[in-house]
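Heads up, the chain below is alone and in the form predicted alone; it's given as structure tokens.
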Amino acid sequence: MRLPESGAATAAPALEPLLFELARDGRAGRHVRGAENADALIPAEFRRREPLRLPQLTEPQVVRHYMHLSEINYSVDTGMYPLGSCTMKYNPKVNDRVAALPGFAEIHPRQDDATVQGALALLWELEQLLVKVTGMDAVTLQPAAGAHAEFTAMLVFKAYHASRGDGGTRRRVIVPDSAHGTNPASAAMCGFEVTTVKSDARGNIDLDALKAALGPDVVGLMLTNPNTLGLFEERVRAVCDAVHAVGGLVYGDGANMNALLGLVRPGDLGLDCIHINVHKTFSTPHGGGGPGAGPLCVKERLRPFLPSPGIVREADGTFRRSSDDRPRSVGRVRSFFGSFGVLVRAYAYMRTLGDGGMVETSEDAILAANYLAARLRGRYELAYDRPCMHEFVLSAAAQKKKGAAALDIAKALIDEGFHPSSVYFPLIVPEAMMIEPTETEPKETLDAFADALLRIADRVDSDAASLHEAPLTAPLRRLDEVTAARHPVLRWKSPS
């Protein structure tokens, strides 16, 4: 990573025109004999009535366009992503090579089970690895991402309570105020009411507030541990016991499993299920809307309700897809077995690390976060000043009083050569800056990032207004994000 030595602005990269803007009528990229007569070979009933309005360019123009976009785009291969709660860590290239093997990349999900035994064996073994690391008993690999797994868990909870005869009376899901925003959304999409429980002074669920909110109408609790403050729930067993005492279930949001691998098994803490974002914890590519995968791991009493089919290992060692062990399944939630290529990468990552490597992963992630927090303590306010797990939350409230808000600091980080951290989340921290360095960044990068934030703090003290113009070195200057969110322009229109 090359950073400006003093944080000074450098020239911004040139903007790249759209392909439509580069296009000229009559240009073409095909150089095949007879191509001009190819349309005549298509049966009349299959021909388009009107040609597609695609930009007309040469092949070199298209290749150079996308190459230039890749050069000015920030990526995990070129720099650190300190996005709190996202675990944007480096993706080992060996995982991509494994997923590209013909036996994985060139098979079809509708092939007969006998012809895809290797793929089924990998998925079955991945399930066993996830069972081991979570302390659960059964897994579905279908959910396409964390939020999808949350929704699947709520469907499973609904089916479980219905099987016990009290599905009609259990209508409320408890969600802590430090939860991921998708938690209440997933519960609401499943038809449940959401009750929010506040955090206490140490960043835990307020146990008294939780007990006051519980009752016979509670479906369950959606618990993120470590929570979005980067803190381990200090009374997690008492929390689970309280929910179970009223007949409710505890769902674990496993988006932060990067802090627990080999150290703590959620199933041993009292949770009834947990999802894992393998596109985060197990280092498979994600971002830009996909691809992702969020396997849901459950205790034995919830196994019958998991999506089907599952994978069964026969006595002779062969594998087949089956719904035999899930008679009261909530049904299929994703085509086939979800994002297969992502699951292959996660399997390769786990096998490469082994048990000891996964423990080291979590220990290094925790060490990196606490090291950064220690370096920044004093110049920025720590939202909860106690040892964190894999991430921590700063508050820029003091900087805002001087004239520079968390958003200004985030934009200034771009000029320092870094992707900004998450800002304004969790909502319970004013001017929040949520930072997750991950275990894949060396100390030199952590120090460079800390130095950048300290330089920005100095700028706030001396000339806070200068941050209002940041970034100066990005392809685009500061955007009007409010207008973009409220009135998005989602397609290109010709000015003519």
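What you see is a predicted model; the values in this text were computed from it and never measured. Sequential numbering from 1, following the sequence displayed.
From this point on, the text means the form predicted together with a small molecule, which you will not see here.
From the candidate stretches 259 to 267, 204 to 212, 98 to 106, 141 to 149, select the single one in contact with the small molecule in the model of the complex, where contact means a heavy atom within 4.5 Å.
Partner-contacting stretch among the options: 141 to 149.
Do Ser329 and the small molecule come within 4.5 Å of each other in the model of the complex, heavy atoms counted?
Ser329: no contact with the small molecule in the model of the complex.
Hey, in the model of the complex, does Lys400 get a heavy atom within 4.5 angstroms of the small molecule?
Outside the cut-off, so no.
Does any heavy atom of His180 come within 4.5 Å of a heavy atom of the small molecule in the model of the complex?
Although the small molecule is absent here, His180 would touch it in the model of the complex, with heavy atoms inside 4.5 Å.
Check Ser283 for me: does it contact the small molecule in the model of the complex (non-hydrogen atoms, 4.5 angstroms)?
Because no heavy atom of Ser283 falls inside 4.5 Å of the small molecule in the model of the complex, the answer is no.
Which residue, Thr134, Thr224, Ser421, Thr361, is the contact with the small molecule in the model of the complex, using a 4.5 Å heavy atom cutoff?
Checked against the cut-off, the match is Thr224.
Note which of Ala255, Ala368, Leu306, Cys388 lies within 4.5 Å of the small molecule in the model of the complex, where distance is taken over heavy atoms; exactly one does.
Flagged contact: Ala255.
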